[in-house]
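Here's a solo chain for you in structure tokens, the form predicted on its own.
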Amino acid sequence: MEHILQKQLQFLIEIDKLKTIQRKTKIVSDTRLENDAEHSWHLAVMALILSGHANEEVDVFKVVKMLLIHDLVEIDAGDTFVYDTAANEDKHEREMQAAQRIFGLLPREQGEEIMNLWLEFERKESNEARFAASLDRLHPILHNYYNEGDTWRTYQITSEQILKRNSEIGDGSTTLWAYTQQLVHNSIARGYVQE
């Protein structure tokens, strides 16, 4: 039992590093960049509040679990900016290697459970995974809208890029996809993003 506890605690200490991984989006209430831990926490709360908008019935606890672990691989692989096509070329390999190391810190059964949950999310193999992925895509769009397009303007992202890259929001929630499209159109009108 002590061996299992030691492995679990080693994993929990290791994932504290998620707080040091910066994303490209500033948090709404500040001028600093959001970190991955803040992003994951916010997504988990979004799942609790917005689950009624999923296209299919979802197990909210499973969605929350996916969202809490989905970016742990970025401790090793780093945060890959969604619009950076070059960095996205080897993203899967980097993240898979990270998943094996980080989830491998856990006792075998728990590590396999977390790995399978992470793979299900990555592959969007279930209603829960598709809804979780929708929230993951919506979150930075919300931030950019309320930050007057800060990241979009900094990296010269166009509305076409935003809509094309995030269309999969509709796979998990047509309601949230319609809302996203409206936010992007409003952002164009307000000058937050170029067409």
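Note that this is a predicted model, so its numbers are computed, not measured. All residue numbers refer to positions in the sequence shown, first residue = 1.
Just so you know, the form predicted in complex with a further copy of the same chain exists too; it's not on screen, but the next bit is about it.
Quick one: in the predicted complex, does every one of K91, S159 and R190 get a heavy atom within 4.5 Å of a further copy of the same chain? Not a single listed residue reaches a further copy of the same chain in the predicted complex, so no.
Candidate stretches 54-62, 126-134, 150-158, 164-172, one within 4.5 Å of a further copy of the same chain in the predicted complex by heavy atom: In the other structure, the partner sits against 54-62.
Report whether the minimum heavy atom distance between K19 and a further copy of the same chain in the predicted complex is within 4.5 Å. So K19 counts as contacting a further copy of the same chain.
Is Q100 close enough to a further copy of the same chain in the predicted complex to count, meaning some heavy atom within 4.5 Å? Taking the distances in the predicted complex, the answer for Q100 is no, it never comes within 4.5 Å of a further copy of the same chain.
Does any part of L72 reach within 4.5 Å of a further copy of the same chain in the predicted complex? Heavy atoms only, please. Contact check for L72: yes, within 4.5 Å of a further copy of the same chain in the predicted complex.
Using heavy atoms and a 4.5 Å limit, would one call Q194 a contact residue for a further copy of the same chain in the predicted complex? Heavy-atom contact with a further copy of the same chain at 4.5 Å: absent for Q194.
Enumerate the residues of 123-147 that have a non-hydrogen atom within 4.5 Å of a further copy of the same chain in the predicted complex, in sequence order, or give none. In sequence order, H139, L142, H143, Y146 come within 4.5 Å of the partner.
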